[in-house]
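First comes one chain, alone, set out as structure tokens in the form predicted on its own.
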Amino acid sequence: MRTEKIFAGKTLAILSGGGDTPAINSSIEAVRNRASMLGFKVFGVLRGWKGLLGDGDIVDLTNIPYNGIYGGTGLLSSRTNPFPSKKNPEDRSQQILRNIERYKIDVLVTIGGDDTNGAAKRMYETYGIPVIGFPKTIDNDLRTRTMHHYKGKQYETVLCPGFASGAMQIKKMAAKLHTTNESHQRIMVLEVMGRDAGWLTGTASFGGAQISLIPEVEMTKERKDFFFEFVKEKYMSSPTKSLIIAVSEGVRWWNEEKQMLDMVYASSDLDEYGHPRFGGVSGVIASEINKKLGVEARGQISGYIPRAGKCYEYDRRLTSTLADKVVDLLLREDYGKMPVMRDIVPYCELEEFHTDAIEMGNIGNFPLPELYYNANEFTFTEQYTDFLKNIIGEPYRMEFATQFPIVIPQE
């Protein structure tokens, strides 16, 4: 009987880069546990690619308790790009190679989005480093080639760890806002993360947001005029005289002063992948609603709330299922791949037989499909609703059901 473990004497390292999500620790834990079972010694690289620069910043995860329910990443993160960029023209890939050799790392698992895994793909293609990418993004716009089956048709969608937990937070936040909104008969503009895609913004509709704006549909001057008329009609027909409008932070909004489509930035500083920091479009839209419609409106930025807190159940099982696929890739030494879900399925069907592995060279951004959003009514369609029901359950809205009889003074 064979008693030695398959990869005894070899080392697997895990790093996480880019923006955090509530599912990264769960991903680290799941990959670590399976790699250890196969016989790997497991290292953690601190602060993403930054931990493989200079002398390296490495920790041992092999026999250490790891809390995968706690959100964020215990390995820390950064937006470090080892290859030349506008912000840092130095090519630091040789430092990565040197530390991989110094620490005797045989396989590298990179948990990240298009930027982090794009750098991993380049390390694999340029230097042959054995890498496996693991999907991660709160925006859910990393192309995973996942199919959504609905009413006899199939649609290409995306499913990334972190999205489900973030979606639950936005759903709950939108539902809560109704109480304060109705008390003042306001319009609330809820800003949601989403630089280039409206996947996460749509989750506010499951908390009762009635209107949504997404980056995929530019708000030109003509569309803005139509939008304001639509908002006015929707508000006036509301029994509670209140309205929640969900907007992606990356919405392209017509700037009257500049006479051009523009985006609102919290900071003009760029990270090493060339991305500015968005924030504030909700306040701009609320202000214009105030001026044009004469209705009290407020902007509310969800900010880092969808990134924060615990890893929800769907994400826990999703990360576990994708880690099962990592085992398959390790056993076959099939590197340069990323495990993905082949199909959109409910929680109980998150199993390895629904997974696939795609070439990391095929990773890129994937926007919300046109069929998932009705641009004329600023709402998400039944296709999107069915997609999201698989992940976070039924829509929910808090309601104050009591209706008061009107008192008429007696003559």
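Residues carry their position along the shown sequence, with the first being 1. Note that this is a predicted model, so its numbers are computed, not measured.
This protein has a second form, the form predicted together with a small molecule, left out of what is shown; the following refers to that one.
Visitor: Does any heavy atom of residue 153 come within 4.5 Å of a heavy atom of the small molecule in the predicted complex?
Guide: Contact check for residue 153: no, nothing within 4.5 Å of the small molecule in the predicted complex.
Visitor: Taking heavy atoms only, is residue 148 within 4.5 angstroms of the small molecule in the predicted complex?
Guide: Because no heavy atom of residue 148 falls inside 4.5 Å of the small molecule in the predicted complex, the answer is no.
Visitor: Is the gap between residue 122 and the small molecule in the predicted complex 4.5 Å or less for some heavy atom pair?
Guide: Although the small molecule is absent here, residue 122 would stay clear of it in the predicted complex, with no heavy atoms inside 4.5 Å.
Visitor: Taking heavy atoms only, is residue 186 within 4.5 angstroms of the small molecule in the predicted complex?
Guide: Although the small molecule is absent here, residue 186 would stay clear of it in the predicted complex, with no heavy atoms inside 4.5 Å.
Visitor: Exactly one stretch in 68-76, 223-231, 174-182, 190-198 has heavy atoms within 4.5 Å of the small molecule in the predicted complex; which is it?
Guide: Only one stretch passes the 4.5 Å heavy-atom test: 190-198.
Visitor: Just to confirm, with a 4.5 Å cut-off on non-hydrogen atoms, which of 87, 291, 277, 332 contacts the small molecule in the predicted complex?
Guide: Partner contact (heavy atom, 4.5 Å) among the options: 277.
Visitor: Identify which of 159, 247, 138, 111 has a heavy atom within 4.5 Å of the small molecule in the predicted complex; exactly one of them does.
Guide: Selected option: 138.
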